[in-house]
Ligand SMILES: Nc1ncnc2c1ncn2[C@@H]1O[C@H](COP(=O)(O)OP(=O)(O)OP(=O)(O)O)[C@@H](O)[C@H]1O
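Only one chain comes next, encoded as structure tokens, the form predicted on its own.
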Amino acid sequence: MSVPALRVSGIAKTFGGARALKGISFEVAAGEVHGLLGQNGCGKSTFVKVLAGFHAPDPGGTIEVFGKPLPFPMPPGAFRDYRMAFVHQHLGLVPTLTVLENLRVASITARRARVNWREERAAARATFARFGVSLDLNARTGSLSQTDQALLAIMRAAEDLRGADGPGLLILDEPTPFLPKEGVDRLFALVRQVVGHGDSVIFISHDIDEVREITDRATILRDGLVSGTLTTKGSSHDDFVEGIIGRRIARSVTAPAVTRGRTLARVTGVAEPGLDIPALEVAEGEILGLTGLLGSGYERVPYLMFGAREATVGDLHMGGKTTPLRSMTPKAAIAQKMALLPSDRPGASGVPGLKVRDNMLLLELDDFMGRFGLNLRAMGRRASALSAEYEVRPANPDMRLGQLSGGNAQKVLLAKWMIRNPDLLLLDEPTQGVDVGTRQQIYRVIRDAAARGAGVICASSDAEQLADLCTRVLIFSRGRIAVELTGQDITKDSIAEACYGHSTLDVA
């Protein structure tokens, strides 16, 4: 048998009194794509940082890459000497540099003499030819699509491995959450070529279906331990779910048919560039899904309704009041008991530099104001109770929001809105990039809000999420509502078929 690309034995990592890794052991075979997945906080990020030399593990464990033991602590950048390359979610590209400069940065910076740009261009074209990708070498990287930027980052990492002495190990850390489906397909084709050239790949993801599609085997982490390694072809979606959260969950295939209640909110006369909505309404207790292909316009609706995106025409009818969308503001929306959970958590949903306590209670500060200012002790008690209720891990209201995993930060921000008991809850990709356990917790909060009579509008590119959650789904195409699905017609397949079936139609 060949030497494993990676052998991990008894790796542990302790931060203060908390053990993020509790002695994990697993192997990645040479020439395979190996998945690594688990809930937020399970230890994936910590392990990747150990592998890259950012963290030194606790004494006692070992890591071998192609049979060669890693030293601990590992000097910065030394992972390259052990035939490893990393592509993280944020890719590590410089948007103001050209495609050529980003692709060939290692060669360019290594030169002591003047750069021979003719040679660098020839090398870049050879790389593109090797992987069957075509990009404009002179384009600014920031002008590329998210898909093309991801492909560029992976090709650069693969070229770094090519210069190593023997096959290498490429670690892809959550490269797909912000890619459209066609972008994921292109990325997976590139991954298969990397493996076809003799290298091995670790694919880290929250998306079970993506892991099942691209990997040969997958290791699941739970609470800092390895809960199991599955052979992908012989394992079902539910097998992965059980490994991730420790139990099987009942997953509805279709949403039940319901009788719609009284109309809660109605939008009329929206006519923006790329968006034309004569009418859209949500009823009390309804979970309404909005979806379509990338650029179809559905994702703009929650922001227009909340006043977080400028509108020129259109009206919102809610609570017996008609408000022109051009004059709607977030302050006015909050006063009408509306809530918006944007997809951009660090940029628009919360304040990463503030504590969990402050983010949770940002809209409730008046309730904690006393003669001498804010009652921080009372805020801490309230935030601790909310952290327990919403299962925020770690349940420490004094931590900064930016220190939490993405899924736990999302719980904090959801709690911020739900304690106000909104009548209309507007969501944009509410479970993007979160693990399956956190997803089910978010579902429960949304369903509870609808059960008490709130209306929910959920804009999402996740067809499975919409099928599990929604009582009605509107499919957008070219800025217009093309299809409405209800009751038993709402399935993952029917949503995907409606999206792609109307992607080239000019809907009247």
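A residue's number is simply how far along the shown sequence it sits, counting from 1. All of these numbers come straight from a predicted model, not from anything done at the bench. C-alpha atoms forming the largest set that superposes within 1.5 Å between two forms make up the rigid core.
We do not show the form predicted together with the named molecule, though everything after this point is about it.
J.: Is the named molecule close enough to G31, F188 and S200 in the predicted bound form that each of the three has a heavy atom within 4.5 Å of it?
T.: The answer is no; none of G31, F188 and S200 reaches the named molecule.
J.: Consider A123 of the chain shown here, and say whether it contacts the named molecule in the predicted bound form, taking contact as heavy atoms within 4.5 Å.
T.: Result no; A123 lies far from the named molecule in the predicted bound form.
J.: Do L466 and the named molecule share at least one heavy atom pair within 4.5 Å in the predicted bound form?
T.: So L466 does not count as contacting the named molecule.
J.: With heavy atoms only and a cut-off of 4.5 Å, decide whether P352 touches the named molecule in the predicted bound form.
T.: Taking the distances in the predicted bound form, the answer for P352 is no, it never comes within 4.5 Å of the named molecule.
J.: Would T471 sit within 4.5 Å of the named molecule in the predicted bound form, counting heavy atoms only?
T.: Looking in the predicted bound form, residue contacts with the named molecule do not include T471, since no heavy atom lies within 4.5 Å.
J.: Only one of G307, G406, P167, G243 comes within 4.5 Å of the named molecule in the predicted bound form by heavy atoms, so just point that one out.
T.: Going through each option in turn, the one that passes is G406.
J.: E174, D160, E210, E429: which sits within 4.5 Å of the named molecule in the predicted bound form by any heavy atom?
T.: Here the answer is residue option E174.
J.: Quick one: which of 361-369, 395-403, 138-146, 420-428 gets within 4.5 Å of the named molecule in the predicted bound form, going by heavy atoms?
T.: Flagged stretch: 395-403.
J.: Determine the residues of 15-37 with a heavy atom within 4.5 Å of the named molecule in the predicted bound form and present them in sequence order; the list may be empty.
T.: F15, A20 sit within 4.5 Å of the partner.
J.: Align on the rigid core first; then say whether the Cα of T471 has moved by at least 2 Å between the shown form and the other one.
T.: Shift at T471: below 2 Å after core fit.
J.: Classify T46 as shifted (yes) or not shifted (no) between the shown form and the other one, where shifted means its C-alpha moves by 2 Å or more with the rigid core superposed.
T.: Shift at T46: 2 Å or more after core fit.
J.: Return yes or no for I24: a CA shift of at least 2 Å between the shown form and the other one, with the rigid core superposed?
T.: Passes the 2 Å threshold, so yes.
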